[in-house]
Structure formats: C-alpha cells, structure tokens
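We've got the same protein chain twice here, in two forms, each standing alone as structure tokens: structure 1 and structure 2.
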Structure 1
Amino acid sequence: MTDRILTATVVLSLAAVAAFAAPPTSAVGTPGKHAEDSCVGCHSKLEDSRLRAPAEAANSDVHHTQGVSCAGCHSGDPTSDDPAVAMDPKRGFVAKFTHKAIPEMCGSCHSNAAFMLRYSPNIPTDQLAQYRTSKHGQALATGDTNVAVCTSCHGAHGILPPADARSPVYPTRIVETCGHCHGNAALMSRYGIKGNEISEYKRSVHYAALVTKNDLSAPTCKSCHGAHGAMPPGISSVSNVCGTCHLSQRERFDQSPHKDAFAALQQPACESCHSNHAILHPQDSWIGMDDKQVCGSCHSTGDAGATAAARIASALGKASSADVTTLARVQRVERAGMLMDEASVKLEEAHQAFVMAQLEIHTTSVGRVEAQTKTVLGALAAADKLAAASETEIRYRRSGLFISLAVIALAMVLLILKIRAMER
C-alpha cells in the first residue's frame, strides 16, 4: 500500500511539472484583462474560509489583475462551471503542489522571456536559475522541504508587486519575512546557523535607517545575501558586498596593508571590525588596544600596528575635542546676537575634513589621517579666532552701553535736582 501511495505521489509530481513546462493557454488572458474564470466565482461562495480565502485574495493578486486566472498555476479548465471538468486531473489540474514542485511551477512562466514580455519587460527571467544556485535551492534539490521556495516569501494567493508597501518582500517588511525561518533558532540549528541574525540586525545602524528614517535604500537581508540566489557572502567577498554601498571605504581599505594580511589569514575584511548583522554606528573610541577596542584583536601592545593605532586615535581625539570647544564658543557668541556666518563656514570645513580623516582610517596610514586632522584644526582655529573677535566686540558694546546708561542716569539726576531748585 505504501509503495502504491509513493508511486502515485511521484507520478502526480512529475505530471504537475510537465503540465507547467510551458504556460497553459487556458491559464492566461490579455494583459490587464481577466480571463474567463469559474474558479473565483465558485470558491468565493464556499462556506469553508480556507477554500474561500484564495478567491477573496484574487482581486489584489498581481497575476489575476493582469488576466492570469487560477488555472495559470493549478491548470484545469477555468471556463467550465462543472467542478468535475474544471478540476479534472486529465486536464492537468493540481489541487496542491508539493514543496519541491513550486519553484518549477513558478518558473514555467517567469523563466520564459517571450511570455513575460507580454506583461512586464522589466521583470528578470533568471529567478529560477538563480534559485537553483542558492542555499535554499541546493537544499531543496536534496529533498529538504524546510527551505524557502517562491511562496514562502511572496505568498501563494494575493501576491503583490515587490514595490507595494503591503508586499512581504517590500524593504521594510522583508526582514520579518526572512525572520519567519531565520528567527527560529530551533530550525536554524539544524543547519549550523545561530538563529539570532534577525535580532542582531535589528540592533544595527542599517535597520535604524530603514525603520526610523524610512530609508528604503538601507541594506536588508537581500542586499547582502541576494534575493533568489541567496547565499552567505564568502570570506573573500565580504568587502565586495559592503563595498557596493561603502565604495570610498572599500577603496581605501584596498590601499592598506590590511587587505593582503586579512586575505593571508583568511579573515573577512569589513566584518572583522564592524561585525556582520549587528553593525553599529562606528565610533572613534573603537581605535586602540584596550578592551572593546578593535585593534587589540589582532595587534599586540608595542607592535607597529598598535603604535599606528595610538597615533591615529590621538589625532582624532585632538580634532574632536577642539571641534566641541570651538562649536560651543561660536554658538555662545551667536546666542549673544552676533552674526557668525564666516565662522559657520569654517566649522563646516572642519566637519568635512574630520569626515575625511575618519575615512582615511581604513588606509591605516597615520600620515593621511594626521594630514586631515591638521586641516580640521586649521579651520577650527580660524573659527575660534572669529569667535574671539566677536567676544571682544560684545565686551566693547556692553562697556559702551554701560557708560551710556551711566551718563543718562547722571543727566536724569541733575535734571531732577534742577527742577527741584527751580520749584523752590
């Protein structure tokens, strides 16, 4: 009996894949128009909410709105009102797809460039090929049914375009979508994955930019791992992944002695200092040999790297301290009512130079960092000089005002005395 069931299952799966080797003509209509479809009409009247839900979701489904009927996936005959005919297995009808059959079923349309051109010429047609190279696709090929397939991320019914904010693959929602599996520590432990990647990412500067600033360009899971061809970046490719956004940092890192050293040690570049998922906003205080400072993880006290780190930290510290002091002085003068436009320009010059100094850290070149911090200190000195001149002006004006008030007060006293003398 078991052998018969297994044989029937295999035959049904093969029949389903064969049925979707090319888009069935009865499954599609003119783009933008609905094909004749008895499936929605019948299922929308069913009392079982589980069977009624797909019909209710049809109105918002991107396929249905483009004229692709239920038979586009399930096949059968959507033009017949007779359930026996509409859901006839001889017409290729498949009620429920096996996990393994789903990518091939979706790919029967999405891998056909000529067919997809009828609907959207900008949709890539290599998703299935990419999926087969992914960790998910490779595991599915071995028979692992726990891995994600198309419907795991996009849904099965009521599928929305990725640009729709309600879509589970919209930038602000994709983290939760990946978290359905990758946030499950018990499931992830089977694959040697910690399962805390989602919670760590939510601590990151990237997630803060995504949800707080609504910056849709902020990296999410698919930005680093890919979408359909999802893979963890290899040690040698981490800097390439980060460098797609942080181009200036990557260029300077490539000029540093760290590039060859990290490659020789088979250590990831950016990740070694910044981590991977819980990427926090970088701080100058990270530079050094003390506890919680990143340089000490590779260097020893007294070696060339430790000496360079100390000098870089010192240069940045002096520039940062001077910036705080000068900014406070300029702001104090502004509150006193003085125009400080020229000083503000100098402060901006100092800020830009300080950003460049922080950028040059990736070269590990003491000279390049110190050159930028000297520019910072020069601009701050100019701003401080302007603030000092304004303070002198304020004191002069206040002294003049005090003298004027004193003269006015004396004149009023003399006037009062004169009036009293005249009255007498």
Structure 2
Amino acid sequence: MTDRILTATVVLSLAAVAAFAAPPTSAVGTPGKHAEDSCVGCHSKLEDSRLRAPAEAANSDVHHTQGVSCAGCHSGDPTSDDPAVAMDPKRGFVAKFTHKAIPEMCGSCHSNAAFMLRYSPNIPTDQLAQYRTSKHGQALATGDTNVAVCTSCHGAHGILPPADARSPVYPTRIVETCGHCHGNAALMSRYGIKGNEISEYKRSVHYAALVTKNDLSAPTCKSCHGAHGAMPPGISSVSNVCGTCHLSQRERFDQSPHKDAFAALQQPACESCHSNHAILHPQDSWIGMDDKQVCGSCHSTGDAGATAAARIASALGKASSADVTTLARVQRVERAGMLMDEASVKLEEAHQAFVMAQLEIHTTSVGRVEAQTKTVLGALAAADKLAAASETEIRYRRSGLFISLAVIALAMVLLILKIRAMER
C-alpha cells in the first residue's frame, strides 16, 4: 500500500516538476485498444472548429488507436466530466505546448525503450537524441522558434505511422513537407540557405523515379540528410551518402585519381559533376572541356585529364552511334519478316557493355572504358553481320523468285505460240 502511494507521489511530482518525464498512467490504456476518455466526448461537440478539430483527428491518430489518449500529451484528468477538473493546470494540464517543449514532450515516451517496446518492438528510440544533433535541434536550443520540431513534420493531432501513405513523412509526401519551410526563400535566406533546393530536387532523376515509377526506395530529402538528425552531409561524406545506393560507381570512383585529388581540393566527390539536388540523368555529352561539360572546371585544355576525357567521350560516342545504326538495321530487317532473335541477343550484350562503359567513366581510366566499348562494338558488329546475312537471304529469295518468274514467262510465251499455231 505504502509502495503504491509512494509510486503515485513520485509519478505526480515528476509530472509536475519535470513536466513530461513519463506519461500519466491514467492516460495510457491497454496497448492495441482504442483510448477512451472524456476529452474527445466534449471536444467533438464544441462549436469552435479550432477546439473541435483535435478531437475529430484523434480517431485516426496512431497514439489514440493504440490506447494513448489526449491526456497522454496534455495531461489533466481525462476521467472527469467536469472541464474545470479535467483541464486543471494543477493536474498537469497543458493547453498549448510551446515550440521548444514539443521535442522533450514527445521524447518522454519515444526515448523510453522499455515503454515503446509495449507498442512497437522495432521502433527506434533515438529520435530525440538525433534531433538534438540536427541543425533544427541546435537552433531550437539557442531559442530559435522557426525551426522544425516533431509536429512540423509529423503533424500534431491525427499523427499517422510513417508507412501510412497519408502521412506527411511518407516517401511521396516528404518532399512537400520539407518544402513547407525549405521552399520559402525569404525564410531560408536568414540561415544562408538558397531555398531553391526543393525545386531543384524536383528536376532530378530521383524525384522522377519517386513520382513516375512510384519507386519508394528512391531517395528523398531524408535519404541523404537524415530525418531526425537532419544536416547537410559534409564534403567528405558526400560520396559515402551517394555510395550507399550507387555502390558500383563509388567503388570505381575510389579507384580513380579523382578520389585523392578531390579530397585535396576540398571538393565534394559525386556532386562536382552530378550536382546535389538537381541530379539530372547523366549524359555522355557531359564529358569534355566545353562550357556545358563538366571536366573544364578543374582541367585545362591539353592536360592529361582533358586528353583522357576526349578519348573517353570519343569511345562512348562511337559506341552509341554504332548502336543507333545497328539497331535501326536490325529493326528494319525484323519488320521485313526475318528472324532476328540472335541479333537481339547481341544487341542486349552491346547494351549491357555500354552500361558498364558508362560505369567505368568513374574510374577515369581510358583503358577500362575502351575495354567495354570494344565489347559494345564487337557485339554490334555481330548483330550487324546477322542483319546483313538476313538481307542477303532476302536478296537470295528474290533471285529464286526471278528464276521461277523466268520459267513462268517462258511457259506463257510458249502458250501464246501454241495458240497462234492452233489458230493459223
């Protein structure tokens, strides 16, 4: 009995003093069971829509459906029907949280591994710790209230799990969510950020993969910057970030002389050629010294790098133009009704080697690119030979028909002679 009283006293005093160190026991129901309290009952009947909205949103809220009621965050006494009692500040009730209080309030449960385990065994519990290291968290600590807190991204009432497609942090929606603030150039200028990152990102292959192919593994803002610990990746870590998905390119880049050179020049690796947010579909035509090409920003005409670039560009150019002509020839023969399966296999081989050649660009080794383009040209030559053989076959058929044509013509002439002879 005394133990209980003691516990209750400790809990209450902790709630009062340290604000939200643990959720009030009365606010936490059985996990997996929908929370029941008087808050929703009253608030959903209120005239003022601002006061009604949270109650209406609560029904779909992940906390509410898991048994955590309004009081889980706002405290107070949800068992009382009397508003004065239920929302008594003396009982810990908080009507509106300050911006700064929110991360700590959410973290009171979400950082508690033992507590979270009851609801979701695999949920991480380091969000608050990460947040404190993020640009957002650091600024919040200095008293900046413009920065994002938990609710800025996840919403306040009606919070949905991130895997729910309606959640603002679902992959297809997260860009807009970040864009709320990061698309605002005036606000961003205060932090020395351009504010065009969102619109730049929307031009990228990553965004295209996300929206047109609905590829949910395509990187969004958080894939490179982190979610709770959001930060710009440092210059040295760019290739690590990109390399988490683009392993083959990174491996080849690391073998190239660019790796050390970029590090010495304090240049980011991938970003120098591919940009950061507006990562466009790479073109072979980027390789070279012209204004719109990428090599000229470090190399000068005539140096070893420029020469290598020219040779790589020429090898790729030769392979791709050969690909276009051979493909056209094979397709023409195929439309004419010849079997081109073997040639298609060769074309695939060429395609694959071409993709590999583009990958080898990252090594900057002329030899390695040329080894692949040589394979491309070999496969294309084989396909071309097959197409030529089919064209010969068509001509051969034509000559066969010419012979029968001659036979028919002869028969016709003889028949006419026969008729003449008969009718004379």
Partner chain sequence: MPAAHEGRVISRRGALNWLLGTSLGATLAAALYPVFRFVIPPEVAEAPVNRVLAGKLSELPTNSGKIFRFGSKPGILIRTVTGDVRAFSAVCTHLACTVQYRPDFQHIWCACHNGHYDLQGKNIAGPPPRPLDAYKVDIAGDEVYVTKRT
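The term rigid core refers to the maximal set of C-alpha atoms that superpose within 1.5 Å between the two forms. Numbers given to residues start at 1 and step along the sequence of structure 1. Source: prediction; values computed, not measured.
Between structures 1 and 2, only structure 1 derives from the form predicted on its own. The smaller of the two rigid parts, set against the larger, turns by 29° between structure 1 and structure 2. Here the rigid core is superposed, and residue 399 then shows its C-alpha moved by 3.5 angstrom between structure 1 and structure 2. Taking the core as the fixed frame between structure 1 and structure 2, we note the C-alpha of residue 417 moving 8.3 angstrom.
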